[in-house]
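First comes one chain, alone, set out as structure tokens in the form predicted on its own.
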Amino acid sequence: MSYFDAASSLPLHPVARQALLASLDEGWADPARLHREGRRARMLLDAARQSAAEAVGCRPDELHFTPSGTHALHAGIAGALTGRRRTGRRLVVSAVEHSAVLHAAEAHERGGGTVHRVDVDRAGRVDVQEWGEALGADCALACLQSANHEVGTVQPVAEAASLCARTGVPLLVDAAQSLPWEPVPGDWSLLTGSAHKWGGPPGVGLLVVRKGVRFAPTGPADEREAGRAPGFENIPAVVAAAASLRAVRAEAEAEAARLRALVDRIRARVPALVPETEVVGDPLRRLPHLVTFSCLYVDGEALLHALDTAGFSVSSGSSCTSSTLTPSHVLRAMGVLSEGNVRVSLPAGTSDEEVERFLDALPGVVEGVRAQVGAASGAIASGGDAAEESAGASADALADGSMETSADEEVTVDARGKLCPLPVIELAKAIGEVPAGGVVRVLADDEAARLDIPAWCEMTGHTFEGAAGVVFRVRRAGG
């Protein structure tokens, strides 16, 4: 089995396991006590803090250990907003932040604050000029991830931090995905990370608050971790987290170069091997180990199960794998295809042979999943000379009443009540029934259709003319 979901979590790094076991016998006592056992525990905690601070690039007294990366984000956002409440109550975030940041933003809105969400381009990257324009005198805090967790795009953090410093706005950086590879550049004010992303134990996060940043911890007062993470410290886990971060950083440069070459191979070969597939995310300014692609006419959950059966553990931002049946907020903000989405994130040590096995297996797996929904090769017509190929399927649709024609060269497809990828499949079959310049009206009430129908047009060259309610209009390309 090949585990290709490093962006979600990693198994314990050997150094983390060794440090965890060694510190279980030494780090059980209360580090706040002055007796011998307490002093020994305090020495372990202080050494872990020093090591982690060196890896992050901050002072040890600026770094605090939290129960998780999510806790670090929530505590960091709440504390910075509270500390600067006299400045204003406006929070600036990018549209592709981790859900933990967006949930904190929603809570801020419910409490009477305002949130400005900065859009991204199709590569998932914020525009620095737009970012700067979003800042202002009433802005209490800005949040920008260092690299995106779903598509790997690296954000212009240094430039954003410079703009924030110029306007006096603190910048919180969610560095969960990039911290294992390198320190975060720029004059940022707060930073968070999560140990299980780099092979440390789960249940350990980092919160860094630079000296001089106005910060007021929320909730009941606690003497632990300067009040920023109340509760008894899990010293063995903290020691293991710091040790593993130091270990992965020592290997990061060489491993990043090796994995980047493997990801480049996947990015180049997947579109050639699997027809009608879109690789998303910035092709150059990206994490070295992560690649995301979306396949037309594929049920995302079925694809993940099929890849798992074939021996590959991957993840997805597809709406078809979500309990809410809505597309990933990241893919939606980028305006790219969400159906059949696959995120491949390679852990350190992934071999050339594993990647080749994945590339060999992928075309057959996708073809099999497409066949399950009637979209195998040859069953879809998306324009050009394909009208004859789709005649049989379209005739069946006309017979059962799900497709109607009109005298002004329009075809109406009723896909209401059908979930992704079926509305797009029916659109692709119907487009061959109208001449060049003709229109297909798709009736679809699946939330994913609002993303996937325009994305399908972008990929196939047809024109998306807009949506009104559940009606989507697509004009067939000429030629």
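In this text, residue numbers run from 1 along the sequence as written. Just so we're on the same page, rigid core means the largest C-alpha set that superposes within 1.5 Å between forms. Small disclaimer: the values here were computed from a predicted structure and weren't measured.
In what follows, reference is made to the form predicted in complex with a further copy of the same chain, a form of this protein that is not presented.
Contact annotation: of the candidates A104, V92, C295, V270, the single residue with a non-hydrogen atom within 4.5 angstroms of a further copy of the same chain in the model of the complex is A104. Interface residue among G281, P170, G79, P236 relative to a further copy of the same chain in the model of the complex, by the heavy atom within 4.5 Å criterion: P236.
Put simply, V118 is far from a further copy of the same chain in the model of the complex: not one heavy atom of it is within 4.5 Å. Contact annotation for L10: at least one heavy atom lies within 4.5 Å of a further copy of the same chain in the model of the complex. Of the heavy atoms in R416, none are within 4.5 Å of a further copy of the same chain in the model of the complex.
Contact annotation: R59 falls outside 4.5 Å of a further copy of the same chain in the model of the complex, judged by heavy atom distances. Here the chain stands by itself, but in the model of the complex one stretch of 364-372, 123-131, 160-168, 67-75, 67-75, has heavy atoms within 4.5 Å of a further copy of the same chain.
If you check a further copy of the same chain in the model of the complex, you find no heavy atom from any of D138, S351 and V355 within 4.5 Å. Annotation for 330-362: the only interface residue with a further copy of the same chain in the model of the complex is R343 [heavy atom within 4.5 Å].
Fitting the two forms on the rigid core leaves the C-alpha of R59 displaced by under 2 angstroms between this form and the one not shown. In the core-superposed comparison between this form and the one not shown, the C-alpha atom of R33 has shifted by at least 2 angstroms.
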